[in-house]
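Given as structure tokens, the chain that follows is alone and in the form predicted alone.
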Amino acid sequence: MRYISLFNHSDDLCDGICLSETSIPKPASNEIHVRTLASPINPADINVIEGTYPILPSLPAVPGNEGVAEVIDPGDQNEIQKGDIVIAANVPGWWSEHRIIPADKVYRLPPSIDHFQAACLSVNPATAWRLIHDFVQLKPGDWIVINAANSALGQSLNQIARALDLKVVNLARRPSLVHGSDTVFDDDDSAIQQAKSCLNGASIKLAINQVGGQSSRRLMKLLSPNGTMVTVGAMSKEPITVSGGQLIFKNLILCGFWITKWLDNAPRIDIEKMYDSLADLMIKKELEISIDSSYPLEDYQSAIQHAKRSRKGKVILTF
């Protein structure tokens, strides 16, 4: 089988990786052999290659944080059959033609799901689902506010919110890239009054912060008393600063979230329910990941360079 090997971290993305080949390992008990169908090149994958991601694998390693596969050999598993379409929760190493995956990390998807969409299901859509469900009790008609609204996570948040009849105030550096919402504002101080005007007095209980710095301060200004801001990214690389007044008089709650940690600790039934719900939204096209382009595995260098500069959607490796 062929796979991409990361043997050295490098700012020049293709200096530290190469296409390698090895025999397909035999699955042990409680393992499943799958053939990879597609895997996106995410910003976190590029950060791993560069060596700038906060948590790095031991080298050599196979990159690829998520993907979708077809089961070749289900081993001794009764619920998973040969030919099933599956994803795996929190098992990196997707840039390989074949994989041996622990059975307890594998989740079946409906056979009708689009493979490119399924390949992008386990990180951003899952993060968006948890953010909407786990921190504040929301009901149809409630508002949330997010920054970096044109990011992949921002797109998932907007689509899932729409499916659940929630409303979103979007802040973005490039508002023209945010589609499907009428409440999109430049991420500067003018957004505060503009957003308040469209709210007509409604409260905002939940803010999703991907940026930090001044952008996160704007989110806190838009939050209602007793609101919660959840941080999932730090794109600006600037610290989050909060005034004493925000904490004392508004009683804001500030916390963070990382889907990897949630997947490590959540009961399997909760993970299954989440992936089932997200797959259903994808099949109904209520959740649709923007796809820029796809490349075969052997053209990985062009694919990675394209992914680093892409602003139109995910770049997919195919196998």
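Residues carry their position along the shown sequence, with the first being 1. Quantities reported herein were computed from a predicted structural model and do not represent experimental measurements. Rigid core here is just the name for the largest C-alpha set that superposes within 1.5 Å across the two forms.
The protein also exists as the form predicted in complex with a small molecule; that form is not presented, and the subsequent description refers to it.
Of the candidates Ile259, Val62, Leu252, Ile271, Ile259 is the one whose heavy atoms come within 4.5 Å of the small molecule in the predicted complex; the others do not.
Proximity to the small molecule in the predicted complex, defined as a heavy atom within 4.5 Å, singles out one entry of Thr228, Gln246, Thr127, Ser181, which is Thr127.
Within this chain, Met235 lines the site of the small molecule in the predicted complex, having a heavy atom no more than 4.5 Å away.
For the chain shown alone, Asn150 is a contact residue for the small molecule in the predicted complex, at least one non-hydrogen atom being within 4.5 angstroms.
Contact annotation: Val211 falls within 4.5 Å of the small molecule in the predicted complex, judged by heavy atom distances.
By the criterion of a heavy atom within 4.5 Å, Val123 is counted among the residues contacting the small molecule in the predicted complex. No residue of the trio Lys26, His33 and Lys105 has any heavy atom within 4.5 Å of the small molecule in the predicted complex. None of 80-88, 67-75, 142-150, 192-200 except one has non-hydrogen atoms within 4.5 angstroms of the small molecule in the predicted complex; the exception is 142-150. Remark: with the core as the superposition reference, the CA shift of Thr52 between the shown form and the other one reaches 2 Å or more.
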